[in-house]
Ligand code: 3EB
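The chain that follows stands alone, in the form predicted on its own, written as structure tokens.
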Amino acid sequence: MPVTTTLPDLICRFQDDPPSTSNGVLGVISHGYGSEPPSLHNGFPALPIAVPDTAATGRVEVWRSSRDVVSGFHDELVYAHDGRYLFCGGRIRHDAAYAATTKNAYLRAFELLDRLGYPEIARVWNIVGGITGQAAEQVATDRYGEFCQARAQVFKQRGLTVKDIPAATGIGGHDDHTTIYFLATRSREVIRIENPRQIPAYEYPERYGPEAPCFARATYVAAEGDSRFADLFISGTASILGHRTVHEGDIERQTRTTLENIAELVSGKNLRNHGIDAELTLHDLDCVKVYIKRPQDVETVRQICSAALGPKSEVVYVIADICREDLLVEIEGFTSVARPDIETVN
């Protein structure tokens, strides 16, 4: 069996300070009470989002590549790419034409993917200010419902089906902007993963909005060519069974159910049902972000997550609104998965 000490192609880390150089950096997300326009900082894409970290240091989320990285601007979007992955971020101001502006931002992002040759979106984050508040236009939905409608229209215009949709997080920010950022890939081996404990989000009944959310519960980007690791992106996951919120008002039980949902999602049985040869548990997650609605719940959530996750997991706890009024916590994750035919050495 071949042996390698090569690092994964894609690495996510939480750290106290932004990188000092752009070497290998695809994107940096910083957490606070307000967003800012995307920029190139020290040569890498920098994206401040309106989701504050609970740590006193206010850590930053850094996506790195083991390859050479090229960065730039495209029509108000900032990006960096390495030949396997492309990171891209942008910001949408909330105004009377919010739906049209959101569609335009997504379409500009797809134009960039076309131009640079990254056909598959693997992972998307949507930070929607006032996510459960009144929609910008006079429609019978909230801000998140309006966002979902705009996103669905773009996906349909691009010809995307449920076999093409990415893993995603839709979370509430603390200002009057929507920030989007995503990772796209040149790999054609992207597997969309669903959870047997939950119905697919794109099949949610109309009670949750006129257009169901367009995302998969997770995506798996297979290792190919000289890549020695596959990548698993876990969508924002909450205390939902079937399509219904469970344990309303109970932060402990919502947190435990959310972790149980993720454990089932990444279990060997579920992965094998999707054609993936891997056996994972919560202890295998590299990077975990925990979104908590109420600041008074932070320590309770931290204790539960610390007991459930492994020592290798880097975890950040942030304050954010959730896309349903009755949800109190949402958790997402990322991990690299070594190819079974290659033995890796630390």
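Everything numeric here is computed off the predicted structure, so don't read it as measured data. Numbering starts at 1 and follows the sequence shown.
Below, we refer to the form predicted together with this ligand, which is not included among the displayed structures.
- Contact annotation: residue 270 falls outside 4.5 Å of this ligand in the model of the complex, judged by heavy atom distances.
- Contact between residue 328 and this ligand in the model of the complex is not found at the 4.5 Å heavy atom cutoff.
- This ligand in the model of the complex is not approached by residue 227, whose heavy atoms all lie more than 4.5 angstroms from it.
- This ligand in the model of the complex is approached by residue 323, whose closest heavy atom lies within 4.5 angstroms of it.
- Just one listed stretch, out of 209-217, 96-104, 67-75, 187-195, contacts this ligand in the model of the complex at the 4.5 Å heavy atom level, and that stretch is 209-217.
- Of the listed positions (130, 89, 145, 170), a single one reaches within 4.5 angstroms of this ligand by any non-hydrogen atom in the model of the complex, namely 170.
- Out of the listed residues 152, 238, 122, 266, 238 is the one that sits within 4.5 Å of this ligand in the model of the complex by at least one heavy atom.
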